[in-house]
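One chain is shown next in structure tokens, namely the form predicted on its own.
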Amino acid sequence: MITLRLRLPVPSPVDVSGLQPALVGGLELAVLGRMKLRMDGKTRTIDELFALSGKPEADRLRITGVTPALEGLGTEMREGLLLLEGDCGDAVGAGMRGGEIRLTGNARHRVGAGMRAGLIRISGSVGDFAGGPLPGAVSGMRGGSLLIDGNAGARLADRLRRGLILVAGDTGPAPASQMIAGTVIILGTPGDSPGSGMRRGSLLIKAGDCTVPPTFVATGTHELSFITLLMRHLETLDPRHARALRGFRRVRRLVGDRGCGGQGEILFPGR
């Protein structure tokens, strides 16, 4: 596997969306090093910014010493494994179509925006609009899985259409806002107005002390078979998170957002 280690400070944003396993992981180091990136309006070769090591593998790539100035890592990625070590900039995995991204660190805004398939694992926290729409898009994430071990910013899963998002920590305001379908799991405490404008889909909140918009209607306590299926799916992705869902075997269910005619559901652990 080839490793790219950032060798100098990056003072301004650099689009590194082309650094993907299927595109450059199988190249010889000399060839990869001569490829060019744009920074500060100038052209720089990859080996000016990164120290290269390892052996080519078409399905794997590792980037270390990552800085928030590196933007678009894994954008439109279709296959392979991309390992990132450090704090990333915007749009990690945006528009992703397949493969896996593992980030050891934090990321800024729009992680997984417009994602269609694949898996993103983040050991740290993320900014706003994770799993939300790409700029100008009608809907947000449309497939795949996004697992966040830390916290998430505002408008998590905004206009989510399909897929799974799990946040092990807390979120900013309005998680699952305008959600169209899909599944969102928050194991910490959500910010204000969870599910605001929600149409369909399921929002699971483990903390029972958050305030739900008054346009959601309580329907009692239930046992839902899809929770078992969800736990099985999470078991294949990360057993830690699957265990965290044991409290949802019986759930307290609220339906809404009735303010927009929505039929989504917010689920809390039941008794």
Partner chain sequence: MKINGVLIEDTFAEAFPMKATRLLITAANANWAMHAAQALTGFATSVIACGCEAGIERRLKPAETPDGRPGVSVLLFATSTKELTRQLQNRVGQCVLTAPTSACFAGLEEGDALPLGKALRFFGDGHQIAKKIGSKRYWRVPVMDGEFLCEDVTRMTKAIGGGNFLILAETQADALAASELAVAAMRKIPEVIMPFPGGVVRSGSKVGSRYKTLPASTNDRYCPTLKQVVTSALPDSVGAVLEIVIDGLSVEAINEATRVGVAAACSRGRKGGIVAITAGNYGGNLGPFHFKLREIMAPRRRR
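Since we're looking at a predicted model, the values are computed, not measured. Positions refer to the first chain, counted from 1.
One more form of this protein, predicted in complex with the partner chain, exists but is not displayed; see below.
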Task: Contact test in the predicted bound form: G182 vs the partner chain, heavy atoms, 4.5 Å - done: yes
Open item on the list: Can you tell me whether K55 touches the partner chain? I mean in the predicted bound form, with a 4.5 angstroms heavy atom cut-off.
Closed with: no
So in the predicted bound form, does H233 come within 4.5 Å of the partner chain, heavy atom to heavy atom? yes
Check: Would A218 count as a contact of the partner chain in the predicted bound form, using a 4.5 angstroms cut-off between non-hydrogen atoms?
Finding: no
With the partner left out here, if you bring back the partner chain in the predicted bound form, are R108, S139 and D158 all within 4.5 Å of it by some heavy atom? no
Of the candidate stretches 209-217, 223-231, 26-34, 46-54, the one with residues having heavy atoms within 4.5 Å of the partner chain in the predicted bound form is 223-231
From R199, R121, R162, R78: within 4.5 Å of the partner chain in the predicted bound form by heavy atoms is R162
In sequence order, the residues of 233-271 that place a heavy atom within 4.5 Å of the partner chain in the predicted bound form are H233, R253, Q263, E265
